[in-house]
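Okay, so we've got a single protein chain in two different forms coming up as structure tokens, structure 1 first and structure 2 after it.
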Structure 1
């Protein structure tokens, strides 16, 4: 018997709260009016010199990695490469703020973030070479497969983070997306679920100005992409995406907040895509050289190098050593990528299901027979 059925009980009348009543005070969720900066300000003095030097070394290595990968496309060794030149501060900071147990959910442009997290550079490029859907074990490296469809990795990050929270695991997911991805439905669904569930996930939007040829002004009329967080009930942070120390600081705070149960954060890093969208794009058709040159003056490597040298934390020897280490990495990458991969056609059926379906087994047997017949015809 329910309460409503008890003799003399008043009729049950559900009284939900008014729909117009705010569930939370929006003021603490609003981003700052201007992007947060560290380099060139008094706040820089509070940063560890070791951290700043490590960020610098990773930025220099990342710039050389982008240049080498772009060259590999021109040599036919990569099918396509979406360069993150100019955005290295976002990529490196995203990798360095995470603990080993945390997960990174990259987009197709975030190969550098995966490499900075410790992934083998060749494995990070396997998808873009066209050999495999992914060239590494996501679980081993805690790096989800590079995601080519826009923003579909965001709900995946929320799902993993929510599952970890339910299990009591001390895990945070950091999901990366470009400004173009914020126009996809997956972006909005992911933010809504993350906020409702208070999932330990951080969303990093690299606002590089263009979704291929579409400028941000034609995508949204919001004051900033960080403001979109407020509509879902999470904090929005706005940061200078070319200031490596600032991005690291903001992401570190967001990750710590998520880990202690504070829920998700949306971080917008304002940066710029110096190179074209990919090697198949002609960026001169929709933007001018003067715009690109203005952003070159705000280069993330130059900003950090200036800070370090002015504080006596970096000299010519340190600059040369960073460049030499980056060049050695590029030489190893070039040598390994110039070797033709040995591919097994039967790998088409590997890692599709934990246990192959009857249809896959049938298709595998058909291909095996065709390969055997071809080898016999060739006299092998």
Structure 2
């Protein structure tokens, strides 16, 4: 069709493109310019002492858990441990804001969140000990398998939340990911699906400044990671990730919003990875000590302890009790992890398919024979 064939040559006033209806207002989707804070601000007064004390106990326990797990790598009891030391406020708040029926989707760094949600710490550490992959039944505490391929757990969270909503269940999924993980295509696709489907999901990005050795500035040029939200049509929230009360508050709001059908939220928690990437990493190769030192001053436990003591909600006894509880947890964990896990090599073939194929039965027989020969050899 050429222009001459167009219907009507009547006087013509250009108009805006017909599809252009003003869409969603972007303003409420944009994060505040500064991370939201509670501790040491007037907002703190609005928080119940019970919640703050609960958070405190969990932070102390979480810090001790991180230290214990790291120690276990040195004793050869864990193959590897990616510590969340310094990030305990995020880990703990993520667990605490959820109801029992909700689902948590942790990344490989988030064993602490899983433990804070009630998972047996030994089961949570199975992957990192190396006797099996996922050491727990995900349905028991509604904790998805700890996820190593970065960002791939995010679409899972969206699909699960969507499925729950289709089934009429008011279940919320909270998915955790690192700053590095936000660069993956799966992050993008998950957030887009979530917003289009208005799925009840909360995405918690722990921006701890690094993806192994790569600092945030090489990861993104965005004003903040929370600013990514507007591109999906969901609200982006920025929070001080070391302020447990603030993280708890922002996540609670997002969870409540999701639960009442308001759709997904992207939360960026600004925090810092105090330890190296894992025990196997050498952080001195890529960052200086002064940065770490500055963040130690902004320690999540210290922030909360200060708030609690100044308001008379915590005294020496309380501090000691929290430390003792954490110590007891660590001792139990140490003891249990010191026992060798029971291994059955035949498990290799037990769960590949619902029904073992003839091919795998053959291979299982081969291994059984090899093991028998080995045992005989040992017997000799």
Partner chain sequence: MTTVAAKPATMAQALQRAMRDAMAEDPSVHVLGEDVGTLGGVFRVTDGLAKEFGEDRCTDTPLAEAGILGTAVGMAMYGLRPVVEMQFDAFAYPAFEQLISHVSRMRNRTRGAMPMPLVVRVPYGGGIGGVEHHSDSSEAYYMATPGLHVVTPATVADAYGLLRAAIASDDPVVFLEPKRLYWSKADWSPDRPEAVEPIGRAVVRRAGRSATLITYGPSLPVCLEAAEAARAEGWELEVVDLRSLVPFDDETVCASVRRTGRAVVVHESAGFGGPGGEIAARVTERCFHHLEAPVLRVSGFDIPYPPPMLERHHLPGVDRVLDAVARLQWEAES
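Please read these numbers as outputs of a predicted model, since none were measured by experiment. Positions refer to the first chain, counted from 1. Rigid core: the largest C-alpha set superposing within 1.5 Å between the two forms.
Only structure 1 comes from the form predicted alone. When two forms of a protein are overlaid on their rigid core, residues whose CA moves 2 Å or more are considered shifted, and residue 355 is one of them between structures 1 and 2. Two rigid parts move between structures 1 and 2, and the turn of the smaller against the larger, rounded to whole degrees, is 12°.
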